[in-house]
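Take a look at this single chain, the form predicted on its own, given in C-alpha cells.
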Amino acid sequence: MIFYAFICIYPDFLVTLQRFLCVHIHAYATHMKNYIEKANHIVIFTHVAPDGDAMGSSLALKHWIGKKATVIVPNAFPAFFNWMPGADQILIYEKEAAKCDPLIAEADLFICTDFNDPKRIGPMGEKMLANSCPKILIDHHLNPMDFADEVHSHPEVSSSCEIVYRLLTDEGLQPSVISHQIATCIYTGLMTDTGNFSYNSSAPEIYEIIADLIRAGVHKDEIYNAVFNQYSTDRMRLTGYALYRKMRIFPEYHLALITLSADELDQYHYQPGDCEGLVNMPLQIADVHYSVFMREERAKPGTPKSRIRISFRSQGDRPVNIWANEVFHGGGHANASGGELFGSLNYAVKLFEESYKKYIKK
C-alpha cells in the first residue's frame, strides 16, 4: 500500500523503475519455460471485456506456446480485434461454457494475463481456483491477489504485452524469435494500453521494443487503422450524442464527465467496444485535464443491480488511480484507471459528485 500511494503521488518515479525493470524482469523467465515444457494442456485466461492489451498478451503467448495452449475469454471482444492473428481460435466462455469447462478442469497449467484478481474473469475464476495445477500471472495492475504460483507483476510498465515481450526475449528462454504474429499481437497491446503512446509511455525502452517489433515485420500504420478506423455508423452517432448531449464540464476543476445509460446505448445498437476511447476525447478540450466516463450495463437475470463501468483519464502529474481505488473499487495507472460498482447510474454519479473535489488538483 505504501508503494501504491508513492507511485500515485510521484508517477515520474515509474520511468526510473521501468529502466531498472529492463535489467531485472528476466529473473524468473526460466521458471516459466519449465512450467510450460512440463504441461500438456494449457489454458490462457484474460479479463472480462478484453481490450487490446488483454488480446495481445494472451494471443502472443498462444502463438509462442503452440497447439497445447487455448485462449479463453469471459465474454465477447470488440469486433475491431477480429483481424488479430489467432483471434478466430479464441473461445468465449459466455457463449461456449460447455466446451470451456472440460478444458479448465483438465488443464495442467493456467497462464493469467492482464488481470490481478480471479474475479476479473467472471465465473471462470472459481473454476480456475478449483483446479490445483500451477498458475502463472503476467500483469501490470497494482495489488495482485495471492493466487498464482509464479507472478510477473510489474505495475510500473506500460502494459502486460510489454512484460510478455521481455519474457519471450529473455536469455532464459534462449531467447525466443519474435515472429510476425507475436510481434503484431504485442504491438497492438502496447499501442492500445498507452492511448497510441499518449500516456504511460515515457520510458525510452518502450520505443526500443517498438523498433524490434517493426524489424519483426509489424506494420504499425495498418494496425492503427484496423483498431481505430473501422467504426460503425452507430458507433459514430453514439459518440456524437455522448459529446453533445451527455458531457458535463466542471471548469473550476478542469474536469469532464460523460454518462451513458443502458437505454441510451440500446438506442444506438451498442456493441462491445463501441465506447472504447470515448473517455479520452474530453482531454482534447483546452483546460480539461481530467475525464471520467460511466457506462451502465443492464442487470443480468438473477442479478438485481446494474453494473456501472467507470473509466478515468488525466494528463500530467494528476493521478486518478487513488480516486478509482478508494471510491469505485478499481485502480490502475496514474493517468489511466478504471472502476466499477453495482447499482444505479444515478448512484454512481452521486458518488462522483461527492468525491471529485477531494481527489482533483485545481
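Given the structure is predicted, the values throughout are model-derived calculations rather than measurements. The first residue of the sequence shown is number 1, and the count goes up from there.
Here the subject shifts to the form predicted together with ligand 5GP, a form of this protein not shown in this document.
Selected contact from R120, R235, K135, H254, since only one has a non-hydrogen atom within 4.5 angstroms of ligand 5GP in the predicted bound form: Contact residue from the list: R120.
Quick one: H41, S58 and K62 and ligand 5GP in the predicted bound form, is every residue within 4.5 Å by at least one heavy atom? Contact check failed for every one of H41, S58 and K62.
Based on heavy atom distances of 4.5 Å or less, which listed stretch (311 to 319, 33 to 41, 298 to 306, 63 to 71) is in contact with ligand 5GP in the predicted bound form? Contact criterion met by 311 to 319 only.
Is there a heavy atom of A336 lying 4.5 Å or less from a heavy atom of ligand 5GP in the predicted bound form? Yes.
Does H141 reach ligand 5GP in the predicted bound form if we count a contact as any heavy atom within 4.5 Å? Flag for H141 set to yes.
Could you list the residues in 345 to 362 that come within 4.5 Å of ligand 5GP in the predicted bound form, counting only heavy atoms and keeping sequence order? Heavy-atom contacts within 4.5 Å come from no residue here.
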